[in-house]
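The chain that follows stands alone, in the form predicted on its own, written as structure tokens.
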């Protein structure tokens, strides 16, 4: 743990605001990776400028991809499919990003040399076997053998084969890994995937990559195969709904408040948080819906409410809200009744064991919980108001833990000492700036 911290000791006052948040992280990283495989120049506006995205940029630059950043846009000079400049003893650093670490691997499956992938302490704890196993079946080797986390080395092959892959976790990263591997693999890749975010599928459609999708109940059967060439792909990245979620909850928990969040990603596979919060009594509306390169975006209107109620959350909503559950738990803490969330073991495989730490933080502020390895019951208290001192540390620098606790301090009160505030830079670097500029928050 670092010694850096900030203090939050004043609740926000009622507000009526209109704001924008940073570009979507999932879209930003996927666009960079695919733009590197395009023959020619691609440009993105509103690309997220977080540490995770910069990790993707630096990995691609080490592979010979020219990338230019300006205040307004990002330009990638793609070298075509398998156009990387492979070198001996190459080391790629994914930083804290599971998306970068896992999704760079399928683009390296034709490397003639071993390439070492490393990451920070948090990423090095996370499970990479879910990526290693399908790539092994495709024909790729990893070293050391049977190792399940970073650092690991990948060695590509000239003799790759398509596979039938069953993805039953609802992990978009696992699904995307096999889809990206199809760019360099002869024949047709078949993926039987539990529903998860669909950004990669939309990008494949818009790039002209051969793809077919058949939906059967909760499973998407995806068939994809290698294209001949990919042409430029320009994109205006919409705001990240995972970042917007913190301000949605701040509004719901602050009396007499009203907020408009502009140009937010409204991909149907990412709207779990809105569906869950509406079921809990939240006053949320969507206006100005538009489409751009297959992605839906628009404005979200939120009004505060004192009539929040508990929820028995459907597991079918989990994958579309997996990054937002910590902040949803904060709403459950302030709701009337007992909320129940189940089949959430994936939360413990994120930057930190979020299910366990989320429960611990709720207990710290006086909320009773019952937690297992995959579920949590939250005994809400509509009269919850905090006036004690709280210290947040040893949370593995998880950006969403940091942001959740900041919102708790601003909405519920108390005096909070939050360590590692810079952790938010992995996903949402303008978080504190937006709070200062638009909500009058003072960090000490």
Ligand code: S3P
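Computed from a prediction, not measured in an experiment: that's the story for all the values here. Numbering follows the first chain given and starts at 1.
FYI, the form predicted in complex with the ligand isn't displayed, but the following is about it.
**Student:** So which of 322, 310, 282, 81 gets a non-hydrogen atom within 4.5 Å of the ligand in the predicted complex?
**Tutor:** Of the listed residues, the single hit is 322.
**Student:** Note which of 269, 173, 188, 304 lies within 4.5 Å of the ligand in the predicted complex, where distance is taken over heavy atoms; exactly one does.
**Tutor:** For this set of options, the contacting one is 173.
**Student:** Taking 4.5 angstroms as the cut-off for heavy atoms, does residue 99 touch the ligand in the predicted complex?
**Tutor:** Residue 99: contacts the ligand in the predicted complex.
**Student:** Using heavy atoms and a 4.5 Å limit, would one call residue 114 a contact residue for the ligand in the predicted complex?
**Tutor:** So residue 114 does not count as contacting the ligand.
**Student:** Look up in the predicted complex whether residue 350 has a non-hydrogen atom within 4.5 angstroms of the ligand, and give yes or no.
**Tutor:** Residue 350: yes, in contact with the ligand in the predicted complex.
**Student:** Using heavy atoms and a 4.5 Å limit, would one call residue 130 a contact residue for the ligand in the predicted complex?
**Tutor:** Yes, residue 130 lies within 4.5 Å of the ligand in the predicted complex.
**Student:** The ligand isn't shown here, but in the predicted complex, which of 243 to 251, 99 to 107, 72 to 80, 132 to 140 has heavy atoms within 4.5 Å of it?
**Tutor:** Checking each option against the 4.5 Å cut-off leaves 99 to 107.
**Student:** Which of the residues spanning 181 to 212 lie within 4.5 Å of the ligand in the predicted complex, based on heavy atoms?
**Tutor:** The one in contact is 197.
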